[in-house]
Every structure is written in C-alpha cells, then in structure tokens.
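A single chain comes next, written as structure tokens; it is the form predicted on its own.
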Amino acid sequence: MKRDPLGLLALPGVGYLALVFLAPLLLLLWSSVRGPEGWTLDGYVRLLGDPYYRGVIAASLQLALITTGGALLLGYPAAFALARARGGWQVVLFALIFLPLTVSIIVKSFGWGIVLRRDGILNWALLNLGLIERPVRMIFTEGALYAGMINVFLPFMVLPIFAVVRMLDPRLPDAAATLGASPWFSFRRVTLPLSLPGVVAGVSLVFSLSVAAYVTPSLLMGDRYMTMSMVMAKAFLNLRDWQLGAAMAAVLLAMALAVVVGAAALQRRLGGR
C-alpha cells in the first residue's frame, strides 16, 4: 500500500491533540478506577448505587432531551428559511444565527437572568400590557432553564441542517406535486428523508453539548437543578473526591461516545439508502 507523504502534515495536529486531550482523558479514566488502596470500582458503585446520583444523571438526560427537542422544533424550519432566503434577507438571517456564537455562554445566560427576573424586561412588559397584576417569578424555574438552554444551543442545530438543506433542489416539492402528491406527503416522503442527515448531525451535536452543560444551569437554576457537570465540579473542587468526579466524567464520556457512534452509524445507513 502506497503511503501519501502529505499525510505526514497531520502529525503535528495529531501530536498536539494527543498531548492536550488524550493524555488528560486517560489520566481521568485512570483516576476513576484507582483509589488509595489500589484498583477499585468504588466510584462507580457509589455513583450508580446512590439514588441521588442516579437522579442527577436522569435530570441531565431530561435536560438534554428537552433542549434537543426544542432546538429541533425551532431550528428545522429556521434552517429551511435560511437556505431559501435570498439577498439581504439571507444576510440578516445569517447574522441572527452566527452572532450568538460570538457571545460567551456566560454573557447569554446572565442576559436571560436579566430578562426573567422580577424587575426584568419580560415582567415589565407583561405588567404594562395588563396581562399580570404583579411580577411573576420566572428565574430559577425549569421553564427559564429550558428557554435559556434552547437559546444557547439553537445555532448548533440550525447549521448542520442548513448545510444539508441548501444542497437540495428546491424544485423537488413542485415535481412531487405534479405527480399528485399533497404538500404533507411531499414533505414526509421527499423533503424529510433527504434532510435527515442534517437532522441526525444536529441532534447528536446538541445532545452531546447540552447533557454536559454547566454554566447555564448554574446561573439560571443554581443548586436546585443539579447536572452531571455540576456534580463533577463539586466533587473535584469542594469534596476533593477525585474518584467520584472521575467516575461521573467517565459516565458522561460514555454517553457522548454512544451518541456520536450511534449518529455515525445512522448517517452511514441513511447514506446507503
């Protein structure tokens, strides 16, 4: 087998990733099975045997699923609008999608806190419209958390779907209509199957990012909604329980890998079809 010498150009990047990503990851996994008395699975036993930690894992999965579902419902039509827009409208829509990516997650989360607090913009508007008689508690609620999470991760759903949709021939629905297909039938049998690769990519990306969220839940809910990342931070920084924190990190990594591998397999299956 002939080797391409251009492949050697990848060695600096591969070496850098191995140094700053792979090595710390291996040390983290080592810490999850290594205790003061030698090899042990005590961290995993405590993690999976304690109802509190199982609840934290379930809460993180629930948050990721709701965030992914909400981002998909909002991002799918937005991606089509972005792909079909022309001229200045497409520039405006691109700006609305890309500008949030240039703002720190901390800034966006604090912004939601300002909007949703009792003397915030939303309560002020509702009071002046006469829809409420007194300020409503919105901050530190699960609704505020879901809204903030969807807002933060929505661009990561729109962009993969847009990358696929922009390659579709816009005349396909018209061609289906000339053959007697209704708009719903055309969407279900033509548009949706062709856009599924972008949907799979967006869902896997948003789920992997949101299940590991730390900043937004911390600022919008505090300790009232513990996630896996928050437990890891407390284990490492407050409890100094390296094994428990490393075990939680390993479980989180396993979830992310399962999503990525599953998405890759589904992508290959869709590509085969």
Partner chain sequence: MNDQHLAVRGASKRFGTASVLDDLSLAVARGEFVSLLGPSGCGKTTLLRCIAGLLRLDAGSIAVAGRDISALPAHRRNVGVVFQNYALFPHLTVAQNIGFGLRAQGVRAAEAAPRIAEALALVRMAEFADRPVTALSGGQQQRVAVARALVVRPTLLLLDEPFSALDRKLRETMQVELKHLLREVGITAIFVTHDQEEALVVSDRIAVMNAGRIEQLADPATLYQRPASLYVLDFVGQSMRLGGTVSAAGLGEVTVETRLGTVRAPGAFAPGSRVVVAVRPEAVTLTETPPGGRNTLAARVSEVSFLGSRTQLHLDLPAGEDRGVVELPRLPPGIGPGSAVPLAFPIADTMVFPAA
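Note that the coordinates shown come from a computational prediction; the quantities given were computed from them, not determined experimentally. Numbering follows the first chain given and starts at 1.
Separately, the form predicted in complex with its partner chain exists; it is not shown, and the next lines address it.
- Shown here without its partner, the chain carries R46, G55 and A59, none of which come within 4.5 Å of its partner chain in the model of the complex through any heavy atom.
- In the model of the complex, its partner chain sits within 4.5 Å of a heavy atom belonging to R189.
- Although the partner is absent from this view, A177 contacts its partner chain in the model of the complex, with a non-hydrogen atom inside 4.5 angstroms.
- Remark: L126 does not count among the residues lining its partner chain in the model of the complex, judged by a heavy atom distance of 4.5 Å or less.
- Using a 4.5 angstroms threshold between heavy atoms, G130 stays clear of its partner chain in the model of the complex.
- Taking a 4.5 Å heavy atom cutoff to its partner chain in the model of the complex, none of the residues in 14-47 make contact.
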